[in-house]
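Given as C-alpha cells, the chain that follows is alone and in the form predicted alone.
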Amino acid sequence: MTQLIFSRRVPDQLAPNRITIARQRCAGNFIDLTVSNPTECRFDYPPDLLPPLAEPAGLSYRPDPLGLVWAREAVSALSGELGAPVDPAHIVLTASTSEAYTFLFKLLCDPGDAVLVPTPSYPLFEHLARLEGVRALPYALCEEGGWSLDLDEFSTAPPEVKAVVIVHPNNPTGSLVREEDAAALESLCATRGWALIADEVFYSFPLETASIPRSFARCESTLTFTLGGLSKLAALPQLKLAWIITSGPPPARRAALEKLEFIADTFLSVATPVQHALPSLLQHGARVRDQIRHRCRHNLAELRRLLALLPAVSVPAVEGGWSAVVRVPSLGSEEDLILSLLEQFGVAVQPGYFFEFPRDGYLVVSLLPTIDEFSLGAQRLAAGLGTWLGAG
C-alpha cells in the first residue's frame, strides 16, 4: 500500500492523554467540575426560546455573505446595550467563534505569518492557527498584576506578526484587560501595523468586579475585530452562530469588510433559521444569562469558603467568565494530583498545563454545575487537596 501523506497542519500524535483515559475508566462515577457545556447544567431555558427556529421564513434561502441584515441589526442593538454602539454594516456573522478566528487568520495572514496569543488561555488558538498555516506565538500574562498585559514583552515580536489576540475576560483566569492597558495596546498595534482580535464571548458575565471595562468594539485607533456568539451569550452552543464586529480607522475597516465578505461568501456557513431567530434568541437568552451569573457567583463564593480551610491554597480574583483558578503548592506532578482527585476522591478538575500556565500548581474549576453538585464537588476537592498537602 502506498504510504499516505498527510498535511503537517494536523498533529501526528492524537492519542488520548492519561487524564482522558482515567475519566473513561471511571465511567462518570465522579463529580465533574470541568463541564463547559451549559446545556448539560440544568439551567431553566425559557419554553419560548426555540420556536422562532421553526419560522416559515427559514425555508427560503437568500444568503447574504455578511449575514442577514435583521440578524446583524440584533447584534448591533445588543452591542449598544453593552455600551458599544456599532453599525450593522460593520458586523459579519459566522457559524462559531472558532470559524471567526479562521476567517480572520485567512484575512490577515499568509502561510508562515504569526499571531500573538495570550498564556494562560484556552488552548484552541494553537490548533486554529496551525490549521491555517499560521504560527501562534505566546505572550505571557503577568500573574503578579492579576494576569495583566506586559506590553514590554511585545517589543521582541518578529516582523511576521500580523495580529494580537486578547481574551476579555480571559478564559480561564477570569481577568480583564485594564483600561490603561487597553489604550496602550491599541496604540502599540496602530504603531506596529498589527490588527487586534478581541475575544469577548464572556463579556456579559462579570463576577467579582463592579463593572467591566469598555468593549474593544469601541476601538477606533487600530483595525479591531471583536468576537461574540450565542454559545456563551445565550448558552446555546448547539445553534452555531457567532459574530465579528469590525472597528478601527474607516479606510482599514472598509477594506477588511470587503475582504471578509469575499471569505464569508466562499463558505456561507451560517444557517438561515438561526439567523431569522436571532433577535428572539438574544432577547430570551437574557434569562439564561442571569441564571448563569447568579450560579457562578454562588459557586465561586462556596469554593472560597471551603478552600479557606487550607491556608496553602488560594483562589485568585475572578473578574468574569465561567471558571476559577485554584492555586496550590507545587509538591509534585500536576497530572498526578489531578488523577488522585479523580480516582481517590471522585472529583474532576482541569490541570493548569492544559491552559499553558507558567508552572505546576494551578487547577481550573468550572463554575457551571448545579449548586448542590458543585458544593459536593468542592468538598471532595478540599478533602483531596488536604490529603495531598498532608502527604507532601
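When you see a residue number, it is the position in the sequence shown, counting from 1. Note that the structure is predicted; figures quoted are calculated from it, not measured.
Although it is not shown, the form predicted together with a small molecule is what the next lines describe.
None of S76, Q283, S221, S98 but one reaches within 4.5 angstroms of the small molecule in the predicted complex through a heavy atom, and that residue is S98. Checked against the small molecule in the predicted complex, the candidates N171, S247, Q275, S204 yield a single residue with a heavy atom inside 4.5 Å, and that residue is N171. Comment: 231-239 is the region of 304-312, 145-153, 231-239, 176-184 lying near the small molecule in the predicted complex, near meaning a non-hydrogen atom within 4.5 Å. The closest non-hydrogen atom of I212 lies beyond 4.5 Å of the small molecule in the predicted complex.
Although the partner is absent here, Y122 lies within 4.5 Å of the small molecule in the predicted complex, judged by heavy atoms. Taking non-hydrogen atoms only, V167 approaches the small molecule to within 4.5 angstroms in the predicted complex.
Taking the partner from the other structure, the small molecule in the predicted complex has a heavy atom within 4.5 Å of a heavy atom of D199.
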